[in-house]
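Shown below, as structure tokens, is a lone chain in the form predicted on its own; questions about how it binds or moves come after it.
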């Protein structure tokens, strides 16, 4: 079993803070600062441009990708890092459509992260030729998969409610209808026991600044199933995804396998921080993480419902249908959250009325849950949220 008391020491956590927002931005790993300083001084400072070879910068996206692959049930050589999640969504969707050229419908659900829908809308509008984005309620997703669907585009864990789709079942339904399945793992990687290989997923993408603790703006990843690796061709084809980048040919030829999903120059500094952050996962069994996160979230729900009867659970009650986050609804959710943050309990707000709390076993324990519940009850009982300052929304909510 994983010793979560030991993993807590891996992170810098401000004194007196209960951090329940690792589902939005993970905390700073203690080792990241030293690793980054060494990279800046010894690699960039001393090696200069030689660092692309001598320090392995050029192969970083693949090496770090293999580390992420272990956490999402993917084989080595099937994940590569780089760019932003939106770019990786664009690549995966364009490649999937190229593999299923006779169909014109992309199917998603209303619980998907809006950015994924924006990317799909933009890509399909640019393609023209009758392409259509069809959006249904999450519960209707499986029944909506039919012979017109080229690809499904689904975020496994709903960003607002924590609702979790059944990846294996929906992927099987997509394949039975002749469609491809693309999964967004932004709220899954490092939070739940993802098994891309076992689910037979076609493509997957995700970010690394949430549960993987790679820092603000940390690079995204993309997974391509081995059966598609030599045929998938992203419409966003960049220099680093070329078969021979330093031949400087004027015509694009895709690199072998997952390497073709690289686009531009890799963010070496950000990848160095992420690589250090991934050290925290060495020896960690994702099944233990999942079991503990359920234990913590169940404790939180029970505590809140006992102490704060005015709140409404906005997440599925069955833990098997949730990711590693829980939402409660309140008419003044934003102000309540600001009052909580002011008192050392950090979660976040999602419009229109959800307070969102993430449960990250690597650094959150039962005592943190109990303290958060007690402070939330005090904020509500004493109407501490009813302060004009707490109602003024900042640019980032």
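Quick caveat, the model's predicted, so the values are computed rather than measured. Numbering follows the first chain given and starts at 1.
There is also a form predicted in complex with another copy of the chain; it is not shown, and the following applies to it.
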> Can you pick the stretch from 97-105, 311-319, 170-178, 267-275 whose heavy atoms fall within 4.5 Å of another copy of the chain in the model of the complex?
Replying inline: 267-275
> Are all three residues 162, 371 and 380 in contact with another copy of the chain in the model of the complex, where contact means a non-hydrogen atom within 4.5 Å?
Replying inline: no
> Of the residues 140, 75, 302, 126, which one places a heavy atom within 4.5 Å of another copy of the chain in the model of the complex?
Replying inline: 126
> Here the chain is shown alone; which of 255, 117, 307, 144 has a heavy atom within 4.5 Å of another copy of the chain in the model of the complex?
Replying inline: 117
>> Within 4.5 Å, heavy atoms only: does residue 236 come near another copy of the chain in the model of the complex?
In response: yes
>> Although the partner isn't part of this model, could you tell me whether residue 83 comes within 4.5 Å of another copy of the chain in the model of the complex, counting any heavy atom of the residue?
In response: yes
> Should residue 226 be counted as a contact of another copy of the chain in the model of the complex, where contact means heavy atoms within 4.5 Å?
Replying inline: no
>> When the contact criterion is heavy atoms within 4.5 Å, does residue 251 count as touching another copy of the chain in the model of the complex?
In response: yes
>> Just to make sure I understand: among 293-327, which residues lie within 4.5 Å of another copy of the chain in the model of the complex, judging by heavy atoms?
In response: none
